[in-house]
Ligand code: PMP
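For reference, the chain that follows is the form predicted alone, supplied as C-alpha cells.
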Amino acid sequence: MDIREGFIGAIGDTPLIRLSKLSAATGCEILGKAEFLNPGGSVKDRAAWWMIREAEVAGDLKPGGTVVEGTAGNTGIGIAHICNARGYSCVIYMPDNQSQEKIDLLETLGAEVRIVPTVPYKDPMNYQKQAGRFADSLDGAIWANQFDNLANRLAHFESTGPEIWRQTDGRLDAFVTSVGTGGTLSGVSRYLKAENPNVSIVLADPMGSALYSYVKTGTADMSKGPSITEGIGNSRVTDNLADTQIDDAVQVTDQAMVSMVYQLLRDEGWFFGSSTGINLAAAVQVAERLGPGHIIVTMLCDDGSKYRSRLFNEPWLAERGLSTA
C-alpha cells in the first residue's frame, strides 16, 4: 500500500504537469510543479514544515510552544496547519495590503492574526520585525523568520530539487521561479547545479522589486512599481537568496501576469494565483529565448481561491488599468 502519514506526510512529492498550450506555442516542454496539491494548498507548506522541524530538532520549540511569523499569507497558512497537527499555538503578523481571503483562512485555521501597516523592511514597524520582537517577548516561542532562516532553502534542497530532477530524468534545461523569501529558487538551484551545472536558473520578478536588478547588475535597485502580486518580489537580498547561483532574470508586468492567469483559466481550466502567473509568463520568455526543443520547469505555487477579491475581480483590475482580455 502507498499511504502517507498525516498532514506532514502529505507534504511534497507533487506531480510535474505539462502546460499543453504553452508548450505547443513555444515548441518547448513547459512543465509546472503542482505545489497547489500540497495539503495546505501551496509551495510554502514545505518551508513551514522544515522550519518547524529544525526548531524541534534544535530544542527551540517544545510541546505547547508558539510559532510566530510575519507573512504575506501562504507561509502562515502552512505554519497554522502544521501547528494544529503538532500542538502549537500560532501568531501571524501580516501587512495590510494582502487579500481578505488569506486573513479569513488563517483565522479559520485558529491562528491569531495581527494586521499591521505596510511599511518597508528598513522600518522597525515592518511586519517581519514586529513578529520577531513579539516572539522574543514570549516564553516558549520561536520566530520562524522565513526570509533569513536557512531551513527554508534546505526544504527545497532536500525535497523539491530532487523531485524535479527525478521527474525529468535529469533532462531539464532551465528552472524558472519568482522569489519572495528566496527559499525555493536557492534550494532548487543548489540541488540542480550539483547534478548538472549547465541547468539554467532564472529568477522571475514582478515590477516594483529589486531582485531583477540584483541578478543583472549585482545591485538591488527597485524597479518601477508597484505590483498587485502578493508574496513575491523583494527590496533586499535575503539570507536564503544570498550566494545562490542564478544565471539570468526576467521581469513580468502585471498585465502579462493577468493575461496569463486568465488565458489558462479560459483555455485550459487552470485556476492559478498571481505568483504562478508570473512564473508561467517568465517560463514562456525563457522558452522563446532558448528556442524549441528545451525542457523548462517552473512552480505552480497555489490556486486562485485566495485572490478572488482582487485578481479575479474584473472591476478591481480595471481600476488599476489591467485587462483580462
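One rule holds for the numbers: they count along the sequence shown, beginning at 1. Everything quoted here is computed from the prediction, not taken from an experiment.
Keep in mind that the form predicted in complex with the named molecule is not shown, yet the notes after this line are about it.
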* Decide whether Val179 counts as a contact residue for the named molecule in the model of the complex under a heavy atom distance cut-off of 4.5 Å. => yes
* Flag Ser189 as yes or no: does it have a non-hydrogen atom within 4.5 angstroms of any non-hydrogen atom of the named molecule in the model of the complex? => no
* Using heavy atoms and a 4.5 Å limit, would one call Asp254 a contact residue for the named molecule in the model of the complex? -> no
* To do: Report yes if any heavy atom of Ile164 sits within 4.5 Å of a heavy atom of the named molecule in the model of the complex; otherwise report no.
  => no
* **Stretch in contact in the model of the complex with the named molecule, which is absent here, among 78-86, 116-124, 212-220, 228-236 (heavy atoms within 4.5 Å)** => 228-236
* Triplet Asp45, Trp50 and Ser159 all within 4.5 Å of the named molecule in the model of the complex via a heavy atom -> no
* To do: Enumerate the residues of 266-289 that have a non-hydrogen atom within 4.5 Å of the named molecule in the model of the complex, in sequence order, or give none.
  => Ser275
